[in-house]
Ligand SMILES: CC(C)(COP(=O)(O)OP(=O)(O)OC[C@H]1O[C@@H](n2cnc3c(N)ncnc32)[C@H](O)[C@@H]1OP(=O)(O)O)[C@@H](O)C(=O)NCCC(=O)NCCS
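In structure tokens, one chain follows: the form predicted alone.
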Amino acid sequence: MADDRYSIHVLQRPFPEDFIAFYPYIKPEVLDKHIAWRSWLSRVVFDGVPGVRDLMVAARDDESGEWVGVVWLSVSETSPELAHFGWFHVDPRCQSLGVGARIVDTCLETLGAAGVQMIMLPTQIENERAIGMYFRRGWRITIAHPEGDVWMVREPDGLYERTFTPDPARPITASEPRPSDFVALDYLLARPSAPIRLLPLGLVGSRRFVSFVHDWQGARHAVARQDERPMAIAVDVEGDGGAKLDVFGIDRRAMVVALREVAEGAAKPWAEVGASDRLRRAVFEELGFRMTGTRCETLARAQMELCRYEL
């Protein structure tokens, strides 16, 4: 079959009815009904997400009229230079025909024209063919989880630091997470240090689009923002031993703002911080927490010394 049999389309909501009927990732037989992703993607397809622009880059067989491939792209209004790339599917009949490569190249052209500079995606370490295709187009691995999940990011040098370093002359505020935060939160967390820092609370989930799959109802969260852009995230998980806190960011000031939001009013707040994590330790200490002890634990197959902090 010739490659020009397949055309590539950039779809926006409302999506065509025949595309919705094709889209595999809202079907119970593809994603179990209990998986949070199915409800999220159904929301994307049918209703949209406030503050988020979702696109589907899809391939159609022009002879049969059937859809045969798709990638979902997501861009937040508050972080327009960042994008998610996910749930890549190509019909097995069309694999090895260049359809997938054309979908990916159309994604890059579409996002580049819209001013997107960074694209992150999840895949599996055993998916060597896909990783090779992404690598040749500029993606690099930032997280490889022991269970096989892999994060890859395509971006200019220094974008990560520039994106999450607030202007010292402008205020930072904190409030609960919003749907429009999620693209930036995943980008913030898609770095090698993030899982180690957040593993004690299990915040990184499966490492695939962490902020979407995490149970946001199971704890109190606060996101520190400057000009609506997320800069740090903190969490308070209530338990029998008190409120266990955690925070992540790359800027101390933003982390303090987020942590203060969840620490105020928390009953018996405490935290465990890696002994080598000087930044997070300094954030807790700035808010009056004191170290009360240490212990060792194996996290992500690495031996870590954890410092306990209490207020």
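Note that the coordinates shown come from a computational prediction; the quantities given were computed from them, not determined experimentally. When you see a residue number, it is the position in the sequence shown, counting from 1.
Note that the form predicted in complex with this ligand isn't included here; everything after this is about it.
- Screening 107-115, 222-230, 175-183, 123-131 for residues having heavy atoms within 4.5 Å of this ligand in the model of the complex returns a single hit, 123-131.
- With a 4.5 Å cutoff on heavy atoms, Arg93 does not count as touching this ligand in the model of the complex; it lies far away.
- This ligand is not shown here, but in the model of the complex it comes within 4.5 Å of a heavy atom of Ala101.
- When this ligand is considered in the model of the complex, Leu97 lines it closely, a heavy atom lying within 4.5 Å.
- Contact annotation for His89: at least one heavy atom lies within 4.5 Å of this ligand in the model of the complex.
- Contact with this ligand in the model of the complex, judged by any heavy atom within 4.5 Å, is made by just one of Arg162, Arg170, Arg136, Arg140: Arg136.
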